[in-house]
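Here we start with a single chain on its own, the form predicted alone, put down as structure tokens.
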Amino acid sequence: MFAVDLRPLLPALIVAVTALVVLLAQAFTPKGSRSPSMGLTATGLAGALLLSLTMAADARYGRGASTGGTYVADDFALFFHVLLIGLALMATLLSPAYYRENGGERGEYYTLMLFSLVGMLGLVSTTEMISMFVALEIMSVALYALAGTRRDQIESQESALKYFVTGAFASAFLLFGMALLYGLSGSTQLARVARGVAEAGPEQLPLAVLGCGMLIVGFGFKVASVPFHMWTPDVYEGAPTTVTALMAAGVKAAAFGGFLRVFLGSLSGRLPDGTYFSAEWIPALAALAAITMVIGNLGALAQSNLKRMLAFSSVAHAGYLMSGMVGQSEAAGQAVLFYLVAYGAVNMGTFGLLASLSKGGREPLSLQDVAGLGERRPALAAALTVFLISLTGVPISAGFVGKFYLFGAAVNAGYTSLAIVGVLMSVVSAFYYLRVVVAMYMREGEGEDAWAVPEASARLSLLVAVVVTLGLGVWPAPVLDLARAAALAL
């Protein structure tokens, strides 16, 4: 009798059940009473995080297990489970005060966030293309609704519509690429696709290359690489800031997780003529990485709105991550995974800090809004400074260590010019990141301090982000070791 091991699914099942409980609790909460949504969400996420950590630490609890060969709990998947659930928990802690100040707390917000997390967990854990597509759609559909949560603002509705339209294009490209690879290999299992590509003769190779190109376009939309980034500034600006934080940190991490599993794990094998299939797509990925770094940083230079600036910054960082992927080695995978941890903490902290200051429907979105923050809110200004210098890549920050390993992977793969572009663009980024620091400490604020005092839950989330950012800059070894083990699982 065939036995199915459900242990790999347990973290995602906990999150899904929590989403349903939160939805029911909101429905039966009397009008005017305080909603239990945030507490239930945090409890469910804490349970899923604890289970993922337990599974990662002890194989008896499911590490390495597989559900019918489709959904796995290998070191790679569990690394992302811990990261993604941790980021969602941080976003949850940031959310209550933000929504009370911006139109009322809604229970469906937490439900949608949890369902988007279910999709993220599936995207990094599945080894079968149809399941990967379904996970991607679960994540995306929930995020389309989350982007439009601020129903009273036209910008939020525009954000949701643009995200939906561009997301549909991305899904179409991904599905077409998967169909081409299925036609080549006769299977949607990534392992069999890898064998089909490895056995492709001269007649079948163009089909494999075309399918691979379609997948790059689809994942390019999701990670916001140029020229598939056009949705990013408007969506980041219009979406509620806590949702933007989740998109910038969690969605990018999940998308790169799927990207890595497909390309580093399945589409890099040896062909019958002795060459490697990765040679067919690495040059295109390197070119996209270079263009993405340049356009992202130059676009950020022209922005006066902080959310739009950080949106173009997110585009640039997609380029940094893609430059690490060209390394095609366990060291390259290690570098990308480490940087996703650092980048996730920094972005959750940066957007979370802006959200925590929101008051009366207003947020600090311009340089003038943060002017004088160093004197009025020294702790928050110091935290934002830490996040910005990490995004720049200043030593003693997690961003510096991450970029060092990313560019090192590119150099080791023979793409020294790509690493040089990355270093030069990091120097350019210092201008728009550090001008925020200059405004906080060297310009006087106008009028009274009109921003909110962050609640205890938001302060806890920001503290975790600061500790991770500085901790990984000083002592990166533990996370690097975990990232290396996760990369080896591919």
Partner chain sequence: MTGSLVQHAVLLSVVLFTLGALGVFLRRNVITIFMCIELMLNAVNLAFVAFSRSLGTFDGQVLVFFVMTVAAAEAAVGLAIVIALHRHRDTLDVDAFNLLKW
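Numbering follows the first chain given and starts at 1. All values reported here derive from a predicted model rather than from experimental measurement.
The same protein also has a form predicted together with its partner chain, omitted here; what follows describes it.
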> Any chance all of E137, L161 and F169 sit within 4.5 Å of its partner chain in the model of the complex, going by non-hydrogen atoms?
Replying inline: yes
> Heavy atoms within 4.5 Å of its partner chain in the model of the complex: which stretch among 323-331, 383-391, 89-97, 138-146?
Replying inline: 138-146
>> Going by heavy atom distances of 4.5 angstroms or less, which of L365, A179, V411, I396 would be at the interface with its partner chain in the model of the complex?
In response: A179
>> Quick check on this chain: which one of G211, G220, G374, G299 has a heavy atom within 4.5 Å of its partner chain in the model of the complex?
In response: G299
> Does P272 reach its partner chain in the model of the complex, with heavy atoms at most 4.5 Å apart?
Replying inline: no
> So, in the model of the complex, is R195 in contact with its partner chain at a 4.5 angstroms heavy atom limit?
Replying inline: no
>> With the partner left out here, check for me: in the model of the complex, does some heavy atom of F133 sit within 4.5 Å of its partner chain?
In response: yes
>> At 4.5 Å between heavy atoms, is F76 in contact with its partner chain in the model of the complex?
In response: no
>> Using a 4.5 Å cut-off on any heavy atom, which residues of 238-261 would contact its partner chain in the model of the complex?
In response: G238
